[in-house]
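Just one chain is shown here, as structure tokens, and it is the form predicted alone.
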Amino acid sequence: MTGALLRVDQFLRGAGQFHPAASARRPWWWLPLMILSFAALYGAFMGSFHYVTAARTWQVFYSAIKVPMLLIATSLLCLPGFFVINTLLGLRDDFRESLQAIFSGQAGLSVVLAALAPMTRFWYFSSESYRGALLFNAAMFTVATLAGHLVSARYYKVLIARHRHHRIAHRAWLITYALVGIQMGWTLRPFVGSPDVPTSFFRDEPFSNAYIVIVQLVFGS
């Protein structure tokens, strides 16, 4: 356990095997492992809203599965387009390193989410508002996403210094991932789980547009 935490610390600091210039020595398998473990940890906390009955245990379990599923499924949907963009920009030879930079960002996002999990649980203790819980988790994901972008940008600096078109590819990934991720999160709901609705892995509702719902949620219309 101590060795694993030390490796996570190295990753966050960009040191040792996770130094931006050490792509050949970087343990690439460690990135999806961090995504799966830390995102699942936050998912468990995320699903613990209104945890007053044994039935809500299933929501904790479901959310622990679905948060890493959200990150990985969104990445897989975006990867074909990202590969084509890199090819068009003449960056295919660097694609392996580009993937490491991208998944480093996802791993960083997951670690920060796990670090924010106690704050989410504290919010649940402080408020019983389901709408408030949704907005608070959205805020936590926003903070973690910004942190993940900082991690990804650290590795992309090396690539951009090698070829300026990597800046375009990186921005294309960020935009595509954000657009797909929001809709994917809505499709995979519930993550928090309304206490007024029976616990289920997916909502038994017709497909809808996440962006319309977000506007309605924020402005209360």
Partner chain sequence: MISWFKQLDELLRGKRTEPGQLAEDRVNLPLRTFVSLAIILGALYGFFMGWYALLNREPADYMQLLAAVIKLPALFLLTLVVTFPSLYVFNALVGCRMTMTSTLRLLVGAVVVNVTVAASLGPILGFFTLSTTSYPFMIVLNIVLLAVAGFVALGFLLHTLRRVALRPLNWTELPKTSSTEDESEDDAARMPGPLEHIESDPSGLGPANSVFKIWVLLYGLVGAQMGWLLRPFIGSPDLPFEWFRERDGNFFSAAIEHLSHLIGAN
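Since the model is a prediction, treat every value here as computed from it, not as a measurement. Positions refer to the first chain, counted from 1.
Just so you know, the form predicted together with the partner chain exists too; it's not on screen, but the next bit is about it.
Student: Do all of 33, 37 and 134 end up near the partner chain in the model of the complex, with near meaning a heavy atom within 4.5 Å?
Tutor: Negative, none of the three is within 4.5 Å.
Student: Is residue 129 close enough to the partner chain in the model of the complex to count, meaning some heavy atom within 4.5 Å?
Tutor: It does not: once the partner chain is placed as it appears in the model of the complex, residue 129 has no heavy atom within 4.5 Å of it.
Student: Can any non-hydrogen atom of residue 187 be found within 4.5 angstroms of the partner chain in the model of the complex?
Tutor: Yes, residue 187 lies within 4.5 Å of the partner chain in the model of the complex.
Student: Is residue 121 part of the interface with the partner chain in the model of the complex - any heavy atom within 4.5 Å?
Tutor: The answer is no: residue 121 has no heavy atom within 4.5 Å of the partner chain.
Student: Even though the partner isn't displayed, in the model of the complex is residue 174 close enough to the partner chain, meaning a heavy atom within 4.5 Å?
Tutor: Answer no; every heavy atom of residue 174 is more than 4.5 Å from the partner chain in the model of the complex.
Student: Since exactly one of 99, 89, 115, 138 fits, which has a heavy atom within 4.5 Å of the partner chain in the model of the complex?
Tutor: After the contact test, the surviving option is 89.
Student: If contact means any heavy atom within 4.5 Å, which of 121-129, 99-107, 141-149, 81-89 contacts the partner chain in the model of the complex?
Tutor: Comparing against the partner chain in the model of the complex, the contact stretch is 81-89.
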